[in-house]
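Shown below, as structure tokens, is a lone chain in the form predicted on its own; questions about how it binds or moves come after it.
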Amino acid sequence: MNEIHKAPSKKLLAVFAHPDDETFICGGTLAKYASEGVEITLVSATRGEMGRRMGNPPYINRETMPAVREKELRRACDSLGIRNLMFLDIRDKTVEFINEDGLTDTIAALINEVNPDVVLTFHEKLGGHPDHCAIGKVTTAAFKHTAHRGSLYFISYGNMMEQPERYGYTRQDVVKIDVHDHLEAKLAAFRDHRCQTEIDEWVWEEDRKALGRFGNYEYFLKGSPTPKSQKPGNLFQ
């Protein structure tokens, strides 16, 4: 488990679509801030029951998958230092069909309850999977509706935001987080999502080789104005 060194003083709310989004996309950053004492609340819209990976060799089915993936997500949260986990209990692959106003209200209520300094979610157009884009769209709307004091950021895949111009953004729109000290926690969380990663041989190689597959940085696109006084390489003011 990632060690907690300081008492919680800041809060981060991450609203994603599936178990494993938190680990595969921004696990290093979540582990970093958890180690610094940030209180992290993770919301997973679904339990990932329609995932195509069933273990290797397959040992789970559609009926057992929700429970297995929830259990694996809870282990990954332990590895990353995430203290609070919530599910919205939306069926996997149906987030885009949920009433937007109702879901926006649900997430706005969560923002008001958690009162986070930072909100992370998917970009509504760059999220890739329809569930990702849908949860990102309503979370962005909820953030705006609450007129929240904190900052909103969109997670991004790999190093795609090393060249933000390709997506219509500038380098000033991107925050680059150094996570190299937290890659062991990220790898542990990858392995916690066992039914989804067993088929990826590199995850189960010796640690040194597996860790070499990770980049040292994770990238976030600004979804709200940030003060000029904010230090580079930091999501918090």
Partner chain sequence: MNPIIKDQVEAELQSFVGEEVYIHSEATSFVFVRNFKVKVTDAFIAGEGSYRVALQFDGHGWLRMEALTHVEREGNARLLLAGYDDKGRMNVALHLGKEPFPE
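On a predicted model such as this, the values are computed, not experimentally measured, just so you know. Positions refer to the first chain, counted from 1.
This protein has a second form, the form predicted in complex with the partner chain, left out of what is shown; the following refers to that one.
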Response to the item:
Partner contact check in the model of the complex: of 166 to 174, 30 to 38, 47 to 55, 182 to 190, the stretch with a heavy atom within 4.5 Å of the partner chain is 47 to 55
Worksheet item: With the partner chain left out of view, which of 148, 137, 75, 93 would have a heavy atom within 4.5 Å of it in the model of the complex?
Response: 93
Worksheet entry | Distance check, residue 199 to the partner chain in the model of the complex, heavy atom within 4.5 Å | yes
Worksheet item: Closest heavy atom of residue 206 to the partner chain in the model of the complex, within 4.5 Å or not?
Response: no
Worksheet item: Is residue 210 close enough to touch the partner chain in the model of the complex, meaning at least one heavy atom pair within 4.5 Å?
Response: no
Item to complete: Just give me the residues of 60 to 90, first to last, that have a heavy atom within 4.5 Å of the partner chain in the model of the complex.
Response: 60, 61, 62, 63
